[in-house]
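Here we start with a single chain on its own, the form predicted alone, put down as C-alpha cells.
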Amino acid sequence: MEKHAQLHKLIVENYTRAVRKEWKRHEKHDIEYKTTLYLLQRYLPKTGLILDAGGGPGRYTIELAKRGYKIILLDTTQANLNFAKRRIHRKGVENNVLDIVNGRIEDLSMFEDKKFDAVLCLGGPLSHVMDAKLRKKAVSELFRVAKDNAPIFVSVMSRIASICRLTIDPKFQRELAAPYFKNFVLNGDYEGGYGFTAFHGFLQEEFRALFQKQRAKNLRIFALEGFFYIRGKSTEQLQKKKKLWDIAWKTYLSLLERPDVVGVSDHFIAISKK
C-alpha cells in the first residue's frame, strides 16, 4: 500500500502539471471523445443525477450539464477541479453542476448508497489505481452509489494497444528494451518514467471479471478508438473527405463491440447496469 501511495502521488503531480493538456486531449484524440459521447447518448437515461468520477478538468461534466443533466464532478487532482470550476462558470452551466469534490474513486464514502441515476468513470481513472485490490474496491464503490438499474460507464487503458504502439511507432520502439517492458506485458503495470505517468494496462478478460464480480447486468464492452488507435495525418486527412469519412466512421461504429477491435483500442469501455 505504501508503494501505491507513492505512485498515486506521482499520478496527481503529473495531472497537476498537465491540466490544460488533459483538457485538450479530447480535441487531439477526438475519436475517443466522440465515441464516448455516442455511447453516452445511447445508454444514459433521459434525465437524472450523474456522478462524473475521476472526471478530470470536466469535459464530460460540462457537456452533459449543457444537455440538462445534474452532475457531481469528483477528481483527485485539485488543479483539475480548479480548472473545471472556471470552465463551468464560463460555459454558464453552474446550476446543473451541483458539487465539485476532491476524492478518489476507490473511496466514495461521501455519497450514500443508490444515490445516482448514472455513474461515469471515463478516460481511464481506474487504470491509475495501481493496486489490484483497490481496483476491485473502486468498481465496487461505483456500483454501490448507483441506483438499481442505473447505467455504469467505466473506461480504461488497454495493455494490448500499448504493446502495439511500442512495437509499431518509431517514437516508442526504444522502450521495447526498457526494464519495465517485460513486466508490463505480463501484468500490465507501468510505474512511469518514460514519458507518461503510472498506469495499469487492462486485458479485456481481466476488465470483464471486475464487473462479473459485481454481478453487473447487461455488461457490454466497446472500443473507444478501435483501429484508429494509431492516429496521424492519414486520419486527419480522411476526416476532411466527408463522404469517405462517413463510410469509415459508420464502419467503425458497427465494429465497436468486436473483441479484436476492442483489443487494439487505446481505451475501451464497459457499460452495464447495477
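This structure is a prediction, so every number in the text was calculated from the model and none was measured. Numbering starts at 1 and runs along the sequence shown.
Another form exists, predicted in complex with a small molecule; not displayed. Remarks below refer to it.
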Checklist entry - Residues in which of 139 to 147, 166 to 174, 84 to 92, 101 to 109 have heavy atoms within 4.5 Å of the small molecule in the predicted complex? => result 101 to 109
Checklist entry - So which of Ile71, Val156, Val119, Val129 gets a non-hydrogen atom within 4.5 Å of the small molecule in the predicted complex? => result Val129
Item to check | Partner proximity in the predicted complex: Arg25 to the small molecule, non-hydrogen atom cutoff 4.5 Å | outcome: yes
Next on the checklist: Thr77 versus the small molecule, in the predicted complex: is there a non-hydrogen atom within 4.5 Å?
Outcome noted: yes
Checklist entry - Is the gap between Pro125 and the small molecule in the predicted complex 4.5 Å or less for some heavy atom pair? => result yes
Item to check | Exercise: Tyr60 in contact with the small molecule in the predicted complex, heavy atom 4.5 Å | outcome: yes
